[in-house]
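Next up: a single chain in structure tokens, the form predicted on its own.
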Amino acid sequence: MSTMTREETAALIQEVLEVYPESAREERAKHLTVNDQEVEQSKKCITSNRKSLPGVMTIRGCAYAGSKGVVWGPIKDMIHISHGPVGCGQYSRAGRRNYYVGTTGINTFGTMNFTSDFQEKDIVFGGDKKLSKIMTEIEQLFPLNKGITIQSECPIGLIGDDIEAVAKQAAKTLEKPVVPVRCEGFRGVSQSLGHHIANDAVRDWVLGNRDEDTSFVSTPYDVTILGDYNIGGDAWASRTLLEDMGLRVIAQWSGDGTLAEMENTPKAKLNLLHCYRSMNYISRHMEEKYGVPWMEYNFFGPTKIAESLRQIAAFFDETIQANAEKVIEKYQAEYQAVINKYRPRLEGKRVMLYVGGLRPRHIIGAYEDLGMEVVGTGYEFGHNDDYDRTIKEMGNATLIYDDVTGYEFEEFVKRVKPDLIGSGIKEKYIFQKMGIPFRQMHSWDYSGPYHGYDGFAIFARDMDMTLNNPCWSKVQAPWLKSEEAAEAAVAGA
């Protein structure tokens, strides 16, 4: 259990806030709290989805990142044009390890960078003609693409390019879907709005395309996987379990997803939602328009996997319910062997998390299966409904922080002294230089998958490999070395 009491945690928050000017201190205080499992609604104790304070080191992304980098980018058989300067497209290309099956440059394009490469003259005269020309060239070079999306970068919204008109004309010429996405980076307060904008584009330009198609043969067991981006093969690991239960996965997106699967999604009997934050909007739309219910699930760690399998099976008949129990039993020896091997090495270790999407709460159970405790967690771009779901997962008196600044995170770590930190690439090297074991939990630190029973074995191995690496005892923060050198110089004098 956490060694800090509620009073000590609250005092730590106040101490860290003291460095800020009064107005900033008041604002940041709303985003830091001590967890209380008795609270029913997180809005009573924490504020989220607000603009970051100017001057602090926020770790958020932008609306373009939420649309191109998360929702649309992994759709493998479409070409996604980053409309604007080259930098954004290059930064968002192949960064999240969204695995896919196909031949890159022939029928899949996920790791390629397509950009309109804006120059100064494009800012002055507009990029509509250039965009239209690019799509003609794309069709000539990559004729097997199934469609195109136009992902707007900041300048597009500022100069007023009419990407909708260009998209409609190109769709007629190419006879393929062309989807304009108004995801300029300056929109909203974080990448979260980019998810919403991307969901709305799917709703308006994709989902209705096959409403009149009668060739699709449905079954009573058709499900989809939404909001799994197949990082390191996660969606494949999840799909294996669902198919072992006797369900038919008719679509998975965005990871290893296709345009046809997106269009067929409303024909499912149940939409299974992994990343609530990025895909709840389109899930709600399909429930309202098509009557397709949706359900969240969590395939991190054997405890949550079993809970989710049973919850999914409860939606179907007794055959599927019986199959779910068979699947759990089938993998029991496998995951128990993992626990027996790694839990003695990880028991009692304390973890602090700061990630995006679903991870700040979903991976808590996997750590607990290994005897570890999460003593602090928070979201880069979460909303209060994310924190509502997190409160019950966290122990009392633990830290919860929203859009935590670089300074706050470092100070919390220094005081709480976790054994392991799970966060993003921007934080990785800071804490490693401090000699603290760190896992990059946005893209699994180039490992994975972490979903499913197979993924749990990899997760446990990676945590053990990181925590119990002997290198950490040899690492000293550079600023501590300089302090020692100064002390030695004084002593020598």
Partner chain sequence: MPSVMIRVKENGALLFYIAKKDQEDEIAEVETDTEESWGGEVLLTDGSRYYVDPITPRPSFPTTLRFKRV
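Just so you know, these numbers come straight off a predicted model, no measurement behind them. Residue numbers count along the first chain shown, from 1.
Omitted here: the form predicted together with its partner chain. The next part is about that form.
Practice prompt. Tell me the stretch among 107-115, 274-282, 218-226, 324-332 that has any heavy atom within 4.5 angstroms of its partner chain in the predicted complex.
Written response: The contacting stretch here is 274-282.
Worksheet item: Just one of 307, 385, 162, 211 has a heavy atom within 4.5 angstroms of its partner chain in the predicted complex, so which one?
Response: Contact residue from the list: 385.
Item to complete: Answer with one of 236, 297, 294, 316: the residue that has a non-hydrogen atom within 4.5 Å of its partner chain in the predicted complex.
Response: Only one listed residue qualifies here, and that residue is 294.
Discussion item. I'd like to check something about residue 243: if you look in the predicted complex, is any of its heavy atoms closer than or equal to 4.5 Å to a heavy atom of its partner chain?
Written reply: No.
Practice prompt. Although its partner chain is absent from this view, report whether residue 204 comes within 4.5 Å of it in the predicted complex, heavy atoms only.
Written response: The answer is no: residue 204 has no heavy atom within 4.5 Å of its partner chain.
Worksheet item: So in the predicted complex, does residue 49 come within 4.5 Å of its partner chain, heavy atom to heavy atom?
Response: Flag for residue 49 set to yes.
Worksheet item: Is residue 288 close to its partner chain in the predicted complex, meaning a heavy atom pair under 4.5 Å apart or at it?
Response: Looking in the predicted complex, residue contacts with its partner chain include residue 288, since a heavy atom lies within 4.5 Å.
Worksheet item: Which residues, if any, of 35-59 lie within 4.5 Å of its partner chain in the predicted complex when only heavy atoms count?
Response: The stretch touches the partner through 41, 43, 49.
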